[in-house]
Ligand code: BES
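Next up is one chain by itself, shown in structure tokens, the form predicted on its own.
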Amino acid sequence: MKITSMPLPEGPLSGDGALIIYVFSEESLPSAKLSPEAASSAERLLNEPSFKAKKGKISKALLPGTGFSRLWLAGLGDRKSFDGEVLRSVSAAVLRSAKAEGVSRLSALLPLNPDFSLSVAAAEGAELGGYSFDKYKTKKEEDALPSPEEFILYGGDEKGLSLGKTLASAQAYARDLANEPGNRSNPLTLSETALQLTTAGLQVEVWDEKKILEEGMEGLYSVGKGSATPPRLVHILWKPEGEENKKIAFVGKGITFDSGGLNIKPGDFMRSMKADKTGACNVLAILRAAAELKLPLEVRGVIALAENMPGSRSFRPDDILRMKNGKTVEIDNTDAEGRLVLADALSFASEFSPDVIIDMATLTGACAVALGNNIAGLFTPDDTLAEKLADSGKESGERLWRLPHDDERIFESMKSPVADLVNAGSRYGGAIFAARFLKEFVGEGPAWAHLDIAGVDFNKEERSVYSKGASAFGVRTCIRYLLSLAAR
């Protein structure tokens, strides 16, 4: 969809398609900018008891013979509580309505100046609101309504709109990958997708199962060996021309389907496990955006891809694995597999001496229990990194909540009588246990943060900018974090 701006004319607005007037509650309409017919309809819509410009409400009227075929009022709620997330969410709702009605062109007017940051938010909402994953639906061509083709923001900042579209498109790319079912997406196909990123100016290297084992990655190898589809490790590099400011590494968990292995999941908990690869999909999207934005940073992506399946070759409880950094891990539960593949990937990423390592993973149900389905867990010993990521999340409308990573009693419970570590423990503090486990595989040099996105990675219902299915939560936050580093 094309997202652009148009200068605000001196007289009444004119055009075709739908005219969208964003409005605050208990505030007047910009009547001078509307034709008499549009002003009359807008006043009637504004005073409807069910509307009253409540946040997210949309009131609609037809405008035959006036240029614009439709007039919609989009409620922003109270001005005092307005921010970019409100605009982002309402814009997404507008696009969903347009998609449902087959409206191809939308022209939007805000009740305040759409500066750079508001233009970013409006574009993000518009692009994300129009998203759906329907590639496997069969439908007659004549029954399909046209998708929105253009979103115009009067007086919008072009650079802001462009950035907003880039951020949202990156998230949509990750959503597409994460929404693919297990019979269509596996370690082999996803690594092939990664190789396609070479056309975007990225360097991509893929290790097969033989190379993975030669490199001492028994965690990744063992998790994947029970499947007919072997594991893969993907290493992606964005290296700008000239001297870069910082070196950042992103590490993603890519379990293309998680049955739980021999500790098999109950049926209800196996549903949506196609999205257990979201961390890896997010990393692919972040690296793709880094190249598109030509960031003056060296950005690496390391994704560990495996399918965790029960089989005659599956790893077992009581097995002892030697990880890439030499530490040994006793297996308590084969469904605690994500931390094993991440451990090897984090060790590998640490070898490049990055300034910062950020890993993203649908890691623990415990984090979802603690924080619910709207907030991701943030674990890091670095206060500065925690603050920067939280700020980037706030700007993106993706909330992060910092949880402790250094509970000594949990660290003691990680020790195995027969190995250095055990991969699972008590159900209490499970998210902290997992984060503390990962820390054992990060080198001494880099600042490190772990994002546990298990509770926010998949939506059963539509909300805010998120449609049903994979959310790719964290993509826009991490790109904004990179932009903040690039601006220094």
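Heads up: residue numbers just count along the shown sequence, starting at 1. Treat the numbers as computed from the prediction; the structure is a model and nothing was measured.
Note that the form predicted together with the named molecule isn't included here; everything after this is about it.
Note on contacts: among 330, 395, 157, 335, the single residue with a heavy atom within 4.5 Å of the named molecule in the predicted bound form is 335. A single residue from the set 403, 375, 297, 273 has any heavy atom within 4.5 angstroms of the named molecule in the predicted bound form; that residue is 273. Though the partner is left out of this view, residue 265 does reach within 4.5 Å of the named molecule in the predicted bound form, counting heavy atoms only. Contact between residue 258 and the named molecule in the predicted bound form is found at the 4.5 Å heavy atom cutoff. Residue contact check for residue 365: one or more of its heavy atoms lie within 4.5 Å of the named molecule in the predicted bound form. The closest heavy atom approach of residue 339 to the named molecule in the predicted bound form falls within 4.5 Å. Of the candidate stretches 92 to 100, 211 to 219, 118 to 126, 365 to 373, only 365 to 373 has residues with heavy atoms within 4.5 Å of the named molecule in the predicted bound form. Contacts between stretch 457 to 474 and the named molecule, counted in the predicted bound form as any heavy atom lying within 4.5 Å, involve 457 alone.
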